[in-house]
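Only one chain is shown below, in structure tokens, and it's the form predicted on its own.
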Amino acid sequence: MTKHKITLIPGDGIGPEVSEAARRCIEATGIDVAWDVVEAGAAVLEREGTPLPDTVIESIKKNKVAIKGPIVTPVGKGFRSVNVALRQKLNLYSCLRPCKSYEGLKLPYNNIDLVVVRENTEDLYAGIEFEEGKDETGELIAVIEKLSSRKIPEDSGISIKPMSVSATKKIVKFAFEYALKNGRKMVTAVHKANIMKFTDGLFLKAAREVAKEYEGRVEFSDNIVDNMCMQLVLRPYNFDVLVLPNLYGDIISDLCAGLVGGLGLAPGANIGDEYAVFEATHGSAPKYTGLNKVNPIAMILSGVLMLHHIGEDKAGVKLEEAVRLVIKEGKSVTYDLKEDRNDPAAVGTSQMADAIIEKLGCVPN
């Protein structure tokens, strides 16, 4: 049996609770794993002077694989997202977010099975920003006005949106290769090329060039992002794998999560050529910290993605089947998965993990 050394980052807020649930379920599949536990986020900011200590990066580089609980991202102030920093430092250029519906939930749609592939390193999320009122911002505004003949208000903040041919081709190729490996039939590139002609237009042009390499094997289509939102609500079954620039990918993945029951069911993977970090799509929900209340499924399904990534496919299939059985049965599920969110029969985070572990014993190897 292969022994796996995996970095575990518990996270902030509800992070430690859902991370512990995922850890227990992963171990219950029977794989041999040694956890290298390291901390990041607000919990270590005061002690270390940074939300992302070097020890975290060193651990991931050593082990190649990590699973991470949610980490708080301050809104409008404070440190920049640890999630974004990890993706940039480790060149985790692909964000993989499957959105799959499970029987047992009363939802407007059934049998949804979409995969969002989001470029992770460029676009507005590259974090190249200039703060209103700063000298360098004034200098940039002057340069932009000189080069474009467009007047920009002096009290503006500026964000730069870089999008390259190389990064676009890399993420689109990832999407097509994922489609081939997983028996998917179509890749749809999502963009705003009708307006953003030199950035999103570049994305679309590069995507079309890559698509030619897969003609006859995987279908290709493209859609403008605002129309894509409408089409996903009206006709979600018309789509399969979606590949998007960074910002649109973040937004559309939340929309797709809504189709299948919410962020509590939305796993994620950040994958590069050397390293991979697995995490739930949802945030740290600090108001629920320590209440043993939140749904651990997104984190557990992120563990399923991780198991497949490290070659433990049988364990991954087994764990997802156990999750499916618990959701279908509908007894040992958290409040958000009940028809009535105030249902007193709802269980807590750890109790739902217990139920999944119990089902693992019923799933054939």
Ligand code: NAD
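For every residue, the number given is its place in the sequence shown, counted from 1. Note that this is a predicted model, so its numbers are computed, not measured.
One more form of this protein exists, namely the form predicted together with ligand NAD; it is left out here, but the text below deals with it.
Between 154-162, 184-192, 277-285, 229-237, the stretch whose residues reach within 4.5 angstroms of ligand NAD in the model of the complex through a non-hydrogen atom is 277-285. Each of Ile71, Leu263 and Asp336 places at least one heavy atom within 4.5 Å of ligand NAD in the model of the complex. Interface residue remark: Asn295 is counted as part of the site for ligand NAD in the model of the complex, having a heavy atom within 4.5 Å. Contact annotation: Thr121 falls outside 4.5 Å of ligand NAD in the model of the complex, judged by heavy atom distances. Residue contact check for Ala21: none of its heavy atoms lie within 4.5 Å of ligand NAD in the model of the complex.
Interface residue remark: Ile14 is counted as part of the site for ligand NAD in the model of the complex, having a heavy atom within 4.5 Å.
Among the residues Asn246, Asn83, Thr199, Ser94, the one placing a heavy atom within 4.5 Å of ligand NAD in the model of the complex is Asn83.
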